[in-house]
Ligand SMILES: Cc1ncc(COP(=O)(O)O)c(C=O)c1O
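Taking the form predicted alone, here's one chain by itself in structure tokens.
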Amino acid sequence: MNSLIPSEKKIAFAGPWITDKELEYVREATINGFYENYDKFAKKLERTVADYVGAKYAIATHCCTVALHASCAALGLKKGDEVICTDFSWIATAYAISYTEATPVFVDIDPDTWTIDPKAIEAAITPKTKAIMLVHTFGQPADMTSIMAIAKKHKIAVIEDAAPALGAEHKGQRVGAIGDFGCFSFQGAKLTVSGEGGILLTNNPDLYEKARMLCNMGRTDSQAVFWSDQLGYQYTIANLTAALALAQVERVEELMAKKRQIFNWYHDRLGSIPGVKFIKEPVGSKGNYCYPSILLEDSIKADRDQILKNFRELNIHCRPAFPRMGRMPAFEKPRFPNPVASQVEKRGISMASAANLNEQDIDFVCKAFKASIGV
């Protein structure tokens, strides 16, 4: 490590690629996105994402977390219900379930994709199970064929937390339109960004109407203007925010190609090192590689957290894997040990993959990584 000089450029974990298109849309929304055009960009964003993913209905929201909550609420989840949930995700996934007072039941992940393990789902189903909350982890599609078969067999709903996975495909079908609901994020670290922002998708007209009402304060105007028939939430996206998200979504293939290129640069340099396991797209599916990630297997003796510390000293900003959600104080003691998620928590790294990185940047990160593990 002593031979490497810190990078003058911050080699960031994540960050956007902004062009004149984004500036043009935001300028247009700032000048003309009010009065009769108050929802022009929000509506266009909804239609654009729905058409791209292959869903009939969309609701653009303040963020992905509220889209997930609205999905849970529209399904009528309540106290006493159980939702089978991956144990490996940002905490918003589980909290969205808890907001309805339903109970998340945390299960293990697949070691090759870090997405929910269908065998673990099947083993966790009880008479209280009402839904499955899966995550297309870091842009890698979950095994939706197996998950939907389980859901159909047991007559339970499926919510796709597709927050970082816009553009990812499972067997030729884009994720987010396979389950009962799919939710994407436009938060600033995602593939397509607007600072904050999210979107909810569904193909079910009844669920769409329930979610739409919930996201708009329960407003129906059934008795008078501004009449609300049930408890609702202010979850809708701002038109100005939607303008930036729209420009990014219209460039999604270009942005995904850059992420896949970054992954390939990493894999070319590190993929042959024994004990370094890359998380890859499943055969027959396509990941967007939003966050290229690796697992340090037991043969790698270097400490994961020391590697990350070495990176920070060189102005490289990578991220440790998520801690298991089921260990957090908001939840009861986990029902299952989830050994794969436990291993990933301790030994997983998501590599720097901001959109402004070039091949020389990735080369520098890889040299720092090799020095940290003694290769």
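Note that the structure is a prediction, hence the values are computed from the model and not measured. Residue indices: 1-based, along the sequence shown.
This protein has a second form, the form predicted together with the named molecule, left out of what is shown; the following refers to that one.
**Student:** Want to guess which of 190 to 198, 104 to 112, 243 to 251, 144 to 152 is within 4.5 Å of the named molecule in the predicted bound form, heavy atoms only?
**Tutor:** Of the stretches listed, the one contacting the partner is 190 to 198.
**Student:** Given that the named molecule is left out here, which of 265, 90, 208, 233 has a heavy atom within 4.5 Å of it in the predicted bound form?
**Tutor:** Looking at 265, 90, 208, 233 one by one, just 90 meets the 4.5 Å heavy-atom criterion.
**Student:** Quick check on this chain: which one of 68, 349, 29, 316 has a heavy atom within 4.5 Å of the named molecule in the predicted bound form?
**Tutor:** Only one listed residue qualifies here, and that residue is 68.
**Student:** Might residue 135 be said to contact the named molecule in the predicted bound form, defining contact as any heavy atom within 4.5 Å?
**Tutor:** The answer is yes: residue 135 has a heavy atom within 4.5 Å of the named molecule.
**Student:** Are any of the heavy atoms in residue 42 no more than 4.5 Å from a heavy atom of the named molecule in the predicted bound form?
**Tutor:** So residue 42 does not count as contacting the named molecule.
**Student:** Taking the named molecule as it sits in the predicted bound form, is residue 163 in contact with it (heavy atom to heavy atom, 4.5 Å or less)?
**Tutor:** Answer yes; at least one heavy atom of residue 163 falls within 4.5 Å of the named molecule in the predicted bound form.
**Student:** Evaluate residue 63 for contact with the named molecule in the predicted bound form, applying a 4.5 angstroms cut-off between non-hydrogen atoms, and reply yes or no.
**Tutor:** Answer yes; at least one heavy atom of residue 63 falls within 4.5 Å of the named molecule in the predicted bound form.
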